[in-house]
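Here's a solo chain for you in structure tokens, the form predicted on its own.
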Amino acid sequence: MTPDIAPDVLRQHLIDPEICIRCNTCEETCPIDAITHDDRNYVVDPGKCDSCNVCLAPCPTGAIDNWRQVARASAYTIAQQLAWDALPPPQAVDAATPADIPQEVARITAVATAGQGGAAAPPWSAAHPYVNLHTLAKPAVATVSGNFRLTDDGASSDIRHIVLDFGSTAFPVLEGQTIGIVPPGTDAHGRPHFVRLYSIASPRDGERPRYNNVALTVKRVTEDHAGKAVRGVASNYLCDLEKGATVHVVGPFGTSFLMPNHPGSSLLMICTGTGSAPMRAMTERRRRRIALKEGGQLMLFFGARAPEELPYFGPLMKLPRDFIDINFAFSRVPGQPKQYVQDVIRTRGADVVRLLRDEQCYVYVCGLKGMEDGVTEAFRDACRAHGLDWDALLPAMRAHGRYHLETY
């Protein structure tokens, strides 16, 4: 594999002096003594740091998780870092230099968020996300600790719940973030396969609480959107993995599609198929903290062709009705009219608009690209029917981190 950054460019690790509380955790955990301090600042020696990221997870404030892409000849020295009161702005480096994040990841992300006008602000109370800890040059190696089929054996869709264990490798994630899977081998042209992104389906404390693991929701791709037979490289690779197999993982990625942490916040979630992954993570996070009574309302609109094609159908049916308001939409049930998530949103229009009016409600949409227009029109119709202007509301929601859309 080729490195993410050109040889004359350095992805320099820095510590934010405005956030750092000088607890010495980073210096104590650095295995190569690349971190030092004086009575003013904690700093990272660019000549020693090898981006192992061991220091990131223990930092209580996130001050340690800061990076600048700089010309290697202009790297910030220890003396410069010790003297500053705030991190410097990004340097201008050669525009042809690839970004820290792999270009394919940046492209996929741009496509996913295009419907909301690009990247949106995260909720103001969201936890600090760690991003790009593991790169194509230095991927994390995870072990498959579980691979479970979610859909019925007779269903046309083979959707899996796959659990990856990172052992002692630091890989902190938040609900709503994604990770990149690097399929082994090369394509028809002899080039390494592109990174494929998958949303985390487990909460931040792991699929198995207090263990260093994450869950993914993966559909085996056997045909494209037009129905033509294809074999998805990454999806089939993941779905065929057996327990004990190892996987190369990059990331995590994502600083926007994050859940709020402040008490009283509500979640309005709309998804189809494997777009349920982040919704499952957020719902499970709230379920595990239900005794704290810190959250507002959870409302879910979940679409699939039929119940047997719907991931997590059984577990969702067991959740208390006073914990989450679940609305299913099935489009291929024999003897019943086709119904999509936008149809059910219109049916529940009064309740949807009540949540949209609530400044503590955050909206999340995830699934196939084709759902975007239908969901947008359903919101517009519901708002029109209940005295609200969707086209005026949406920009305000985006600006305040209340509307998040990722579709593929």
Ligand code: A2P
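Numbering starts at 1 and follows the sequence shown. All figures in this text were calculated on a predicted structure; none of them were measured in a lab.
The same protein also has a form predicted in complex with ligand A2P, omitted here; what follows describes it.
J.: In the model of the complex, which of 285-293, 202-210, 247-255, 329-337 comes within 4.5 Å of ligand A2P (heavy atoms)?
T.: In the other structure, the partner sits against 329-337.
J.: Can you tell me if residue 180 lies within 4.5 angstroms of ligand A2P in the model of the complex, counting non-hydrogen atoms only?
T.: Answer no; every heavy atom of residue 180 is more than 4.5 Å from ligand A2P in the model of the complex.
J.: Is residue 273 one of the residues lying within 4.5 Å of ligand A2P in the model of the complex, judged by heavy atom distances?
T.: Taking the distances in the model of the complex, the answer for residue 273 is yes, it comes within 4.5 Å of ligand A2P.
J.: Using the partner position in the model of the complex, report whether residue 371 sits within 4.5 Å of ligand A2P, counting heavy atoms only.
T.: Residue 371: contacts ligand A2P in the model of the complex.
J.: Even though the partner isn't displayed, in the model of the complex is residue 219 close enough to ligand A2P, meaning a heavy atom within 4.5 Å?
T.: Because a heavy atom of residue 219 falls inside 4.5 Å of ligand A2P in the model of the complex, the answer is yes.
J.: Can you pick out, from 304, 164, 259, 279, the residue that has a heavy atom within 4.5 Å of ligand A2P in the model of the complex?
T.: Partner contact (heavy atom, 4.5 Å) among the options: 304.
J.: Could you pull out the residues of 375-408 that have any heavy atom within 4.5 Å of ligand A2P in the model of the complex?
T.: Sequence-ordered list is empty.
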